[in-house]
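Just one chain follows, in the form predicted on its own, and it is written as structure tokens.
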Amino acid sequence: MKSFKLFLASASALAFSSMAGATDLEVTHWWTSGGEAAAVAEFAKAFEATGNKWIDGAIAGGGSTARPVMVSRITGGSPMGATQFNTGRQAEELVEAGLMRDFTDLAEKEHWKDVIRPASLLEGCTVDGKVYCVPVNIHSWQWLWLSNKAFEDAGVPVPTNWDEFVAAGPALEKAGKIPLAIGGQSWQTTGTFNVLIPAIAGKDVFLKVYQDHDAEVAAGPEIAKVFKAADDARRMSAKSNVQDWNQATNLVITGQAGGQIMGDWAQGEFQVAGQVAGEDYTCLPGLGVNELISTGGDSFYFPKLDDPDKTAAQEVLASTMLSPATQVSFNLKKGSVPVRGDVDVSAANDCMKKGLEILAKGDIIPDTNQLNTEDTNNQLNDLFVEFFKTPALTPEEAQKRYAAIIASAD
């Protein structure tokens, strides 16, 4: 019976499209790595199975490069059919300007509120009671990915937590390895720091800083411990000279680096490389210290268009992205967790299963994109790219600047 229900739900998008007719629809996103490309191909395949055509608008360079291009097109009168943003506040001003479609009717028709879990994902798409986007996955930043081969070559056990990882740094360096791989994109260094907060200082401190904007806590002793850990990360990553996040992941995959702090989208790269979780690589949620996952991810927004055929195709795409079958096929390739709580994820690998177990226990924190404005995130990016590239910038001075950013956040 369950399989029959899933079939009916997946077939609804097909019925939808046969009424609307075939239409080309441009979809912009920043998924360009090997694992990401494999995942987005699942969306394209499912949409084209409805009789429509996916026009791929991939923008290389990550979200920080792609988002300004996307926003410029939408505000400049040349909107695409659909576009990716991270779940949270990134498209807030576009919604408030009346440039994005309201999908409340479709959400109610397909009972999104009943199947999307956790509820905060749909809440992140909701403005003044109306739904403006489709959440497609749950991505968590809170992971340390380790190369089993690198530690074997260095003659030390694979670490089980952050402290053991830091302690293994000298042995890795002696073996010619980069202890910690970090790319040069600014969001990677900010992400590293934000992962260290709940691992080192705990969930409550994370929420006081980013949810409550408590500048006193940001300037206090618990965050000072986090800056000490960030200083360790800076030292361990000093010889990591790649730019893109997936290049840093490849250093781990090939055993050139000991580890990488990165979101669970890194799993897609390990899969494309044919590596097996628990055999070739190890994953530590919460850095093996405080097992939490953040409930961030990606959502698709649909700009208002004048073409009625494309408007109809937008609804087909939205429905297709949330269909049970597409949710499973896409997220298994992406390394993320489906947003639907009613789908079969028995094919998940060991790392995804760890994430699902943590999610089921409710050990979660909001993603910073759900709490911070783009302006705050950009200020943090500027600070941490400077911190990681400038050894002369002390943890104490960096913390003062960090606290000032938190004090001015809205």
Partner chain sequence: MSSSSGTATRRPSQMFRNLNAKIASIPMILTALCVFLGGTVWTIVYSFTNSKLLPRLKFVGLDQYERLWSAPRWLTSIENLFVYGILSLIFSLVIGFLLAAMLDQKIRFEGVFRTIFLYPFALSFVVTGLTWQWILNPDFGVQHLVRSAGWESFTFNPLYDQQIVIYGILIAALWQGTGLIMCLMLAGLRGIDEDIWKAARVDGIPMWKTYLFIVIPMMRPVFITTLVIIASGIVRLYDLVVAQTSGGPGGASEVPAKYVYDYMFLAQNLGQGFAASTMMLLSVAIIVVPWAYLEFGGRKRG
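Worth saying up front: this structure is predicted, and the values here are computed from it rather than measured. Residue numbers count along the first chain shown, from 1.
What follows is about the form predicted together with the partner chain, which we do not show.
Only one of the listed residues (Asp56, Asp344, Asp375, Asp363) places a non-hydrogen atom within 4.5 angstroms of the partner chain in the predicted bound form, and that residue is Asp375. Though the partner chain is absent from this view, in the predicted bound form it lies within 4.5 Å of a heavy atom of just one residue from Ala215, Leu94, Ala277, Leu122, which is Leu94. Heavy atoms of every residue among Ser64, Gln379 and Val385 are located within 4.5 Å of the partner chain in the predicted bound form.
At a distance threshold of 4.5 angstroms between non-hydrogen atoms, Val71 is in contact with the partner chain in the predicted bound form. The shortest heavy atom separation between Thr104 and the partner chain in the predicted bound form exceeds 4.5 Å. The partner chain is not shown here, but in the predicted bound form it comes within 4.5 Å of a heavy atom of Gln90. The partner chain is not drawn, but in the predicted bound form it has no heavy atom within 4.5 Å of Gln211. This chain is displayed without the partner chain, yet in the predicted bound form the stretch 236-244 from 123-131, 220-228, 331-339, 236-244 comes within 4.5 Å of it by heavy atoms.
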